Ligand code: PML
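Only one chain is included here, represented as structure tokens and corresponding to the form predicted on its own.
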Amino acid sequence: MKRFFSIRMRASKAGLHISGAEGVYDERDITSVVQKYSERAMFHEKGKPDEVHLTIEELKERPLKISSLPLCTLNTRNPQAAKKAAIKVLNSVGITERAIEEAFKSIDVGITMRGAMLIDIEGVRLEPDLLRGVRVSRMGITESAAAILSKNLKGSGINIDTAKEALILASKVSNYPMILGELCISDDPGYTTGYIASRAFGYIRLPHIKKHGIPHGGRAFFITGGELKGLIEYLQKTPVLISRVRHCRGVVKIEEVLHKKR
């Protein structure tokens, strides 16, 4: 029987987060992935860490196989336009503007959390630890699906690890019925493209969601109904593999997104 491993990396300096990475991999990939993650930890634009944690864990259950979210990009030219687009699209799936504003406000504070905020549709934060959040773990992509995704992203001029890893995470998150939508802004100073995601409209990249050089970011999941304990268990513990890749489009207009969702 094929063995799968969760490989996780976290790098920090003086207790502050510098970089992280993780995925679900076949046993034969362990050596190369550990080298890749180690290099990412040691050569990050935020500086050299004084502590790096690498965890290699054999999965005890077979990963759940799902499809990736369809992907597209909105031509947002500045943070104001990106925020306006995020509010409009997220609002269209029943998330209140109050909840979306709470997510942006918490991210703008400048304290990068290790995990994501859990916010109900009225704007109340529900994660057990408001400083740490809830970290999504144990997700990956099959070798054949990864090849297709790389080809599709190249066709849209996007083929970078950051976009691929974010799409894998967002696809796992959106697969859970309690999740209505997601907002993410990277904490990398040089990466200014954020995204929103949902089963209803897919994964939408938002260029220039923050100004270049800002070293903080954050992630928020907008949730409704259901049991919080089951959601957190799924996000943290349930292994998921992307085995089917849905279409990747280039730049689209927001009207196309809203019309397609309807």
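Numbering starts at 1 and follows the sequence shown. What you are looking at is a predicted structure, and each value in this text was computed from that prediction instead of being measured.
FYI, the form predicted in complex with ligand PML isn't displayed, but the following is about it.
K.L.:
Just to confirm the contact call: exactly one of 96-104, 117-125, 138-146, 163-171 touches ligand PML in the predicted complex at a 4.5 Å heavy atom cutoff, so which is it?
P.N.:
Partner-contacting stretch among the options: 163-171.
K.L.:
Candidate spot C184, Y195 and R219, all three in 4.5 Å heavy atom range of ligand PML in the predicted complex?
P.N.:
Yes, the whole trio is in contact, each within 4.5 Å by some heavy atom.
K.L.:
How about Y37: is it within 4.5 Å of ligand PML in the predicted complex, going by heavy atoms?
P.N.:
No, Y37 is distant from the partner.
K.L.:
Flag Y176 as yes or no: does it have a non-hydrogen atom within 4.5 angstroms of any non-hydrogen atom of ligand PML in the predicted complex?
P.N.:
No, no contact at 4.5 Å.
K.L.:
Under the 4.5 Å heavy atom criterion, name the residues of 202-236 that approach ligand PML in the predicted complex, in sequence order.
P.N.:
Contacting residues: Y203, R205, R219.
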